[in-house]
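Have a look below at one chain only, the form predicted alone, in structure tokens format.
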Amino acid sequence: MTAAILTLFPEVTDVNGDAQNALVLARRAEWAGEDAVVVPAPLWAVPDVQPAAIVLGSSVDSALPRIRDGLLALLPRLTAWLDAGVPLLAIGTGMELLGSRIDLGNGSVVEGIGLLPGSASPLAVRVTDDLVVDAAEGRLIGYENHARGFRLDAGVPALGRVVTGVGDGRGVDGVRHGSMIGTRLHGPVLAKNPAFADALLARVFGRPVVPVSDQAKAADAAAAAIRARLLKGLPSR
């Protein structure tokens, strides 16, 4: 059976290349001999698919109310998919919208859809720099570009510990909750962190997924070169 990698509202959630994480998952699955396809779900479209994984990228603040309304329209389906254990990767404002509320810092608030136990509030300054996070899947690298931190409710685990950068401003980045993972790592994060992508694919297929094609070797070599540059001089885990 072909695994459908659903990417939500890619026409407005790809400002940092985040929606392309769906393509990374599909390609790495193919390179491991599995069948996978990217299924875009534009705003207000009703996805006619049972997804194997879901990607929700980041967007600009002016688009947040429209994206929130689109997510609310899909909320019964999203809830059912998550209850069934479908992994969902949410990045930047995508993560924020899954929370309870977003304080824009100018007296305006955008209500979230309440699937993640946390809320977004302004940082002291906007952050645009490299971000390195130690997570269960390994040392993750990416680029952060945001003006808010995501404050988790008590007892909710973050994705990982910040090694370099700001993340959510409290020494951690992102969130883990049920089958959802949220992060500030842009890039797209899965292209720069193949082991992270393969860990998500293992959840999709219920077994280890090991890309072995020449394309996979080339992609992994490119990621390794980027990682070596960004991690140079940092202490090991």
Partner chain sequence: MPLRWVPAVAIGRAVRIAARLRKPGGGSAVPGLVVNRLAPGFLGSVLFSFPEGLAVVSGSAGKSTTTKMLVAVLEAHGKRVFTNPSTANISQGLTSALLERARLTGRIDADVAVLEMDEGHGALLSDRFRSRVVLLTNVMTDQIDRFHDSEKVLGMLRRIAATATERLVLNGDDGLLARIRSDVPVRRFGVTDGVLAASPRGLGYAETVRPPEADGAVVTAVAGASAAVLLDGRQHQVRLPARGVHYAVDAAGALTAAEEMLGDAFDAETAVAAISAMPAVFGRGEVVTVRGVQVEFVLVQNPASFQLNVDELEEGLDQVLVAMGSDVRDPSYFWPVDASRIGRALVVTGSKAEEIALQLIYQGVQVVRIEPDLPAAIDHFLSLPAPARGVKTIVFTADAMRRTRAHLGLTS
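Positions refer to the first chain, counted from 1. Quantities reported herein were computed from a predicted structural model and do not represent experimental measurements.
The protein also exists as the form predicted together with its partner chain; that form is not presented, and the subsequent description refers to it.
Participant: To test your reading of this chain, name the stretch in 175-183, 45-53, 65-73, 24-32 whose heavy atoms come within 4.5 Å of its partner chain in the predicted bound form.
Facilitator: Among the candidates, contact is made by 24-32.
Participant: Are any of the heavy atoms in residue 129 no more than 4.5 Å from a heavy atom of its partner chain in the predicted bound form?
Facilitator: Output for residue 129 is yes: heavy atoms within 4.5 Å of its partner chain.
Participant: If we define contact as a non-hydrogen atom of the residue within 4.5 angstroms of the partner, is residue 228 a contact of its partner chain in the predicted bound form?
Facilitator: Because no heavy atom of residue 228 falls inside 4.5 Å of its partner chain in the predicted bound form, the answer is no.
Participant: Please check if residue 100 has a heavy atom lying within 4.5 Å of any heavy atom of its partner chain in the predicted bound form.
Facilitator: Taking the distances in the predicted bound form, the answer for residue 100 is no, it never comes within 4.5 Å of its partner chain.
Participant: If you check in the predicted bound form, is residue 60 within 4.5 Å of its partner chain, heavy atoms only?
Facilitator: Because a heavy atom of residue 60 falls inside 4.5 Å of its partner chain in the predicted bound form, the answer is yes.
Participant: Please state whether every one of the three residues 145, 187 and 218 places a non-hydrogen atom within 4.5 angstroms of its partner chain in the predicted bound form.
Facilitator: Yes, the whole candidate spot contacts its partner chain.
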